[in-house]
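Presented below, as structure tokens, is a lone chain in the form predicted on its own.
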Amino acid sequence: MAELLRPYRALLASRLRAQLAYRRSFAMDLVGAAGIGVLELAEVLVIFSSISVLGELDLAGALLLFSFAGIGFSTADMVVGHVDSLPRYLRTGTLDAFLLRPLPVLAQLITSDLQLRRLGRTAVAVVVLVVALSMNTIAWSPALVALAVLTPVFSAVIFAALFVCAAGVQFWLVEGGEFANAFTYGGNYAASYPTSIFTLPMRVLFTFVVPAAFTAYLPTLVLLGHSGPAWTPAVLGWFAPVAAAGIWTVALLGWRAGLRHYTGAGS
């Protein structure tokens, strides 16, 4: 196993050294990423300056929801988000070099970068999570503690699968980055707010097609003891691992089909 992982460790180590070589630039990137998280938080606070409840959540519940979605998305974006550069690899023929190496193409693509600057955004979400947990009254049990701990993990896993799904689509669209972003960054935006505020078709879309609701909203309902709206009951919050397994199955099948469809850049 160690021998199999050695090439990936070497790739990641070289990327980490490159990012940390210029400490001041890296620090500025961290601050910039944190600034994005603060702006997203400010948007939630501005909304609740005019209302007291959004969906079935008050400000404390909305902050808990925001933090779960923020940790999950920023972590996935840090580890896997750079796969959205696939269209450039397709246009320039760089992907052909990946195909020549005796390693899985997707694994090479994922380990080709690790965007540590995203940690700034993650840090903001973690701070919000600590504050939100102290603001909410939760009847803690071992099951709820496990749910609170694992929700950010499965949130990241689901968002990572969405990035891979979006990358797989590029084999057919090539210039379909904006279309793919509607499901990755759009999924993050949808996950940051109660799914119950959407119309029923959109609620079904972001629960059973793009499983954004499983990343934060449904587990939040379970933790706070809410029942949830029609079609998205709170009990589904326990099924985030199932949603993660399902979307990763779709992602890997789509990636495999796309890679088989790819005929090279003619270089």
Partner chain sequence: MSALAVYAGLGWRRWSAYRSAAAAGAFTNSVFGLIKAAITMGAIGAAGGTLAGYDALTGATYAWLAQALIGPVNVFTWTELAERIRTGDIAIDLARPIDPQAGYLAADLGRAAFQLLPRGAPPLLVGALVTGLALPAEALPYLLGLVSVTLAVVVSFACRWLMNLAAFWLLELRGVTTLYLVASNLLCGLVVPVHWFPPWLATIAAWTPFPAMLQHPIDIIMGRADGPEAFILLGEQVAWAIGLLVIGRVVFEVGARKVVVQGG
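Being a predicted model, the structure only gives us computed values, none of them experimental. Numbering follows the first chain given and starts at 1.
Unshown form predicted together with its partner chain; subsequent notes refer to it.
Next on the checklist: Please determine whether each residue of 39, 50 and 181 possesses a non-hydrogen atom within 4.5 angstroms of its partner chain in the predicted complex.
Outcome noted: Every residue of the candidate spot has a heavy atom within 4.5 Å of its partner chain in the predicted complex.
Next on the checklist: Please tell me which of 235, 242, 209, 202 lies within 4.5 Å of its partner chain in the predicted complex, judged by heavy atoms.
Outcome noted: Looking at the other structure, the residue within range turns out to be 202.
Checklist entry - Of 193, 171, 154, 163, which residue is found within 4.5 angstroms of its partner chain in the predicted complex when only non-hydrogen atoms are counted? => result In short, 193.
Item to check | Residue contact check: residue 87 to its partner chain in the predicted complex, 4.5 Å heavy atom | outcome: Output for residue 87 is no: heavy atoms all beyond 4.5 Å of its partner chain.
Next on the checklist: residue 56 versus its partner chain, in the predicted complex: is there a non-hydrogen atom within 4.5 Å?
Outcome noted: Close contact is absent here: in the predicted complex, residue 56 is far from its partner chain, nothing within 4.5 Å, heavy atoms only.
Checklist entry - Within a 4.5 Å heavy atom cut-off, is residue 225 in contact with its partner chain in the predicted complex? => result Judged by the heavy-atom cut-off of 4.5 Å, residue 225 is well away from its partner chain in the predicted complex.
Checklist entry - Quick one: does residue 197 come within 4.5 Å of its partner chain in the predicted complex, counting heavy atoms only? => result Within the cut-off, so yes.
Next on the checklist: Tell me which stretch of 128-136, 77-85, 163-171, 182-190 has a heavy atom within 4.5 angstroms of its partner chain in the predicted complex.
Outcome noted: Residues of 182-190 come within 4.5 Å of the partner.
Checklist entry - Quick one: which residues from 108-131 get a non-hydrogen atom within 4.5 Å of its partner chain in the predicted complex? => result Heavy-atom contacts within 4.5 Å come from 117 alone.
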